[in-house]
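Each of two forms of one protein chain follows alone as structure tokens, named structure 1 and structure 2.
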Structure 1
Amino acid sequence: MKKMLVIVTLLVMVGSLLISCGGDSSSEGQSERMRFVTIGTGGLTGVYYPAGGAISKTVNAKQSEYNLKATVESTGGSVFNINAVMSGDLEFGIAQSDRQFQAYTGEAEWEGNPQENLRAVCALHPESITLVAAADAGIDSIEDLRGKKVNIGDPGSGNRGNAIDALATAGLDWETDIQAEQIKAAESAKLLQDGRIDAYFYTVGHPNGSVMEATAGTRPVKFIPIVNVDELIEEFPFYAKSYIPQKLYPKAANDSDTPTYGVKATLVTSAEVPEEIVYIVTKEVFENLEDFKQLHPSFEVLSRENMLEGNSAPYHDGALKYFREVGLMD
């Protein structure tokens, strides 16, 4: 009986070992066959989340060919995404182009700690510096803001910094040349319709609900062009030219698209992410750009050329490989 018990025990142990090994082998094989990457985005109601979803959808359309599956994670936005990419918690993240610049050069939240392994993949939709003015305020250019009541955004906001840069480029001092309000940009539509301000700046992707609210009010409004910004863009590489599509705001008192400039939502990664994976993601977005543009209204203005504007960190080798293959870069 003891011998029999020993034999049975040994058989059970061997069987368990075989099952365990078989399971591990299968798991390892599955792991080799399918790779996973996560894209950090932003809040569920913003544009970053659908932007990440559009990238993952485009990549996953060829999931079986590349053995690569992309997933999307809602996050706190630019700063969180850059830090998570740098720590290896995310493979990709969407970040505002000025944040990309600050992280790589060691400024703002990264003061004295430059993120030298940060890599750019491409730019996505523009977040335009939008100047909205009441049609009855006598404002046709940014220079006409002199002496007017203008909301530039709350202290500490990126919107406020962008507005001050725009004013300075036009030769205006925000402290002395305008009557500056410093209220959250999202509250500007009501202020304008109530007659409490003449104009406001809002750095935002289009279409935007708050801007739609402003154009749909009883007080007619229009977009004011912001031009002559070449020197500003040369000084601050995170800025890029953009425009506000008229068709997105049919109730605005404009006859055509409005030229301006702004920051870009950019796709970033780490130098530690394998070249092949970054190459695949870059290739699928660019090769399917027309389909990609249909996935969200903010993407309508994208072109292969303007997706290379506004990036300030070095491009990842995987992205460079694709850009060189198709002649977008030397």
Structure 2
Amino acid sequence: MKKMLVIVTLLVMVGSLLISCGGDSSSEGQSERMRFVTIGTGGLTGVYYPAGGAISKTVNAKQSEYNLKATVESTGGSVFNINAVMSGDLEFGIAQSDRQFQAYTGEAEWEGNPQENLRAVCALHPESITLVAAADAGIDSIEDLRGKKVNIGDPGSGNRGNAIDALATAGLDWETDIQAEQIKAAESAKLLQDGRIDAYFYTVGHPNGSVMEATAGTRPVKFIPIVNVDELIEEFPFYAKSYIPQKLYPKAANDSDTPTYGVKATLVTSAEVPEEIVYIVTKEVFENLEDFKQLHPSFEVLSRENMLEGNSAPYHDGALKYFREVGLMD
């Protein structure tokens, strides 16, 4: 019996040696090697970071089956993520739908430099252009920002451009009419509580940790309505009216929902990323959507259908393959 075991063990060892030295070893070895992809997100207290975490958690649940491991990186936001995906530093990035459109068509930060290799995977949660002000700063409307210290966000963010557009609709030039700070939005809560700014813009899903932090401090804060956006929405079809539900932030000094406008968060990649990888990511998120939605309250509204709305760059072949397979697309 013992002899038998030794022989079997030896045979197995020789067998596996033969396999690993076999003629076609390079391609076989390759397909068994773990592949890594990184998803660019945003500040730790925003929604992109947990959204990236939710995507990687969902994909990594089948890590051994696919030999694919997704990790998340905290970044400055949409603009940084698109640029990093385009340069090949990141495989995936979360980006606002308006930024996806502008990058692909060569507008705004990408003026004259269209990112033709940018590819959409799917849309995620809605984001609202959120104007948070200290209740003691004498700000009741966006016009009242004149002369105030306002954080519009860092140059890598998507929200900086939205803040500039929103100010312009109120007749304010961000360079001359306000004292603009360009610091990462996730730091705004602390800046506001420390009295270093009067207000800040953040294009973000709700609820989120950053606004929670801002409303939980000793300095009372409130949301400021952004209205008169009809023209803006007409000019830029990726904008839509939205509101910030009062019930999500009971500590804010508002007694009703705050009207504003918004965009969508989307997941983007590059045409250079292999079809199989994008197929796996798309498939795992869509097939596990009900569990995925539990991972963050701003995902509550997601559906297979609305995750195909708001993208403007062409879909990546890997995403298309999945959508066609399940009949979401022809």
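Model, not experiment: these values are computed from the prediction. Sequence positions of structure 1, starting at 1, serve as the residue numbers. By rigid core we mean the largest C-alpha set that fits within 1.5 Å across both forms.
- Where the criterion is the form predicted together with glutamic acid (GLU), structure 2 meets it and its counterpart does not.
- The two rigid parts differ in orientation between the two structures, with the smaller turned by 47° against the larger.
- CA movement of Tyr239 between the two structures equals 4.2 Å, with the two forms superposed on the rigid core.
- At Gly262, the distance the Cα travels between the two structures is 3.4 Å after the core is superposed.
- Per-residue C-alpha deviation between the two structures, core superposed: Ile139, 18.7 Å.
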